[in-house]
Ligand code: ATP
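Encoded as structure tokens, the following chain is the form predicted on its own, with no partner shown.
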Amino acid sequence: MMEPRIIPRAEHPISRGYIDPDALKVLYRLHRAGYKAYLVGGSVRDLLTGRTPKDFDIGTDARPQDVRRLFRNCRVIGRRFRLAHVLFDGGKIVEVSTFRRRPDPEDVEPGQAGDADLLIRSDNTFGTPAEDAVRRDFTINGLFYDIATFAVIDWVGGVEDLEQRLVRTIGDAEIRFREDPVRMMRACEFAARLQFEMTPAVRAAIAENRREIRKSAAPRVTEELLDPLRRGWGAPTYRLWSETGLLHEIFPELDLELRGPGAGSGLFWKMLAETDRRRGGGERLSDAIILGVVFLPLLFRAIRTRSGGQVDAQKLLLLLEDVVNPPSARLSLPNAAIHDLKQGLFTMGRLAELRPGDPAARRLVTKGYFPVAVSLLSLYAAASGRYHEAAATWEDLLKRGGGRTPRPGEDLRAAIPFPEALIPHEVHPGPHEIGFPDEPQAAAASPRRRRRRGRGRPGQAA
């Protein structure tokens, strides 16, 4: 194996001051115990490009049980891939993995499609730092930072690809994508997030193997679908997934709408861009909200095609079931998020019409999905240019209540006031214009008959 490229401390921008203090504690204790201790993967890539890493993962030649003996606050997890998690206050986890090498041939099993269908069944074979570097997915993720020398170690050409702004697989792209098809999604996400270009070999391998993504476990695919939306680069990532055909294999309903001639695709990209802007500004958005952005164009299409643009409350509930349930089951989306998503989409249209002082509004504000509906209406207003005043009114009310989701059974009516000054002065367009029903009209209450006391049945003496 070739010698690594060593970038000494004076020639790279990584400083210990940029590394999480708890991760430094783990690195130093491993080093003092006589083990190699490297910062690995995406954290090194992000630090070299001036970004703040999401996680600080550590690679070492210590075995998982050795790490556990060193740290009382440690647990070993996993079967296919044994990892040590060192736990700190606040729920923080520093992940420590033992250097591994490529699996033995008996651990790479051919699938039904033949010997070309490579799926890794076991990845627990320990190795050297060099072997660990070459078994990673992309060159920009194969860089190590050595706490002993403060140098960056590059076995795979990752520093050069960072300089040239390229996403390149380590080894043959087709083989790496057949080993783990989720890597195709990650290639697009890295290119979108870092504003890099995928190499022609990577693009060609995705085009050739995009159907392989169907073999991946649904929870892993779903996590990759949600991650860019949670972190603020959803719009460019979803564009690349759509361009490469991956989105068609994962979420064909959404891809069909984005490629169609209707207005839904334009609204979707604007809402994604607004979601990214808010996440970049530090605003917290729940999974139900970001999934609402994804499902809203599908709901609009269903309303246009099945109901002629107008639906009542009952039909809307049925449409939501038809639109949301099949993809949710296929992708194993979280049940709690899906419940809030459907309720939030249903309620969003009602908020466009309701006045904050209405009795129906007072009931809605106590619901756990109320913040989801307000956020979706706000995102829709920012992307479409409509319902600005209604969205601003409800956002203001939500902030007055602390901006928190009510606990089950909690009544927020005392926390969120309904002064007349907050009631919108303008009459907004009817919700049928965006495909949502008018507020159902309550039946007129008939006067209740008083039961007369002291009178018996006919023929009975009083």
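Being a predicted model, the structure only gives us computed values, none of them experimental. Residue numbers here begin at 1 and follow the sequence given.
One more form of this protein, predicted in complex with adenosine-5'-triphosphate (ATP), exists but is not displayed; see below.
The single contact residue among Lys92, Arg259, Arg231, Lys315, judged by any heavy atom lying within 4.5 Å of adenosine-5'-triphosphate (ATP) in the predicted bound form, is Arg231. Taking Asn141, Ser328, Thr199, Ser242 one by one, only a single residue has any non-hydrogen atom within 4.5 Å of adenosine-5'-triphosphate (ATP) in the predicted bound form, and it is Asn141. Three-residue candidate spot Lys270, Glu283 and Pro371; no residue lies within 4.5 angstroms of adenosine-5'-triphosphate (ATP) in the predicted bound form by any non-hydrogen atom. Heavy atoms within 4.5 Å of adenosine-5'-triphosphate (ATP) in the predicted bound form are found in one stretch of 24 to 32, 51 to 59, 66 to 74, 391 to 399, which is 51 to 59. The closest heavy atom approach of Arg183 to adenosine-5'-triphosphate (ATP) in the predicted bound form falls within 4.5 Å. Residue contact check for Asp276: none of its heavy atoms lie within 4.5 Å of adenosine-5'-triphosphate (ATP) in the predicted bound form. Proximity of Phe190 to adenosine-5'-triphosphate (ATP) in the predicted bound form falls within the 4.5 Å heavy atom cutoff. Looking at Asp161, you'd find every heavy atom of it more than 4.5 angstroms from adenosine-5'-triphosphate (ATP) in the predicted bound form. Taking adenosine-5'-triphosphate (ATP) as it sits in the predicted bound form, the stretch 28 to 46 comes within 4.5 angstroms of it through a non-hydrogen atom at Gly41, Gly42, Arg45, Asp46.
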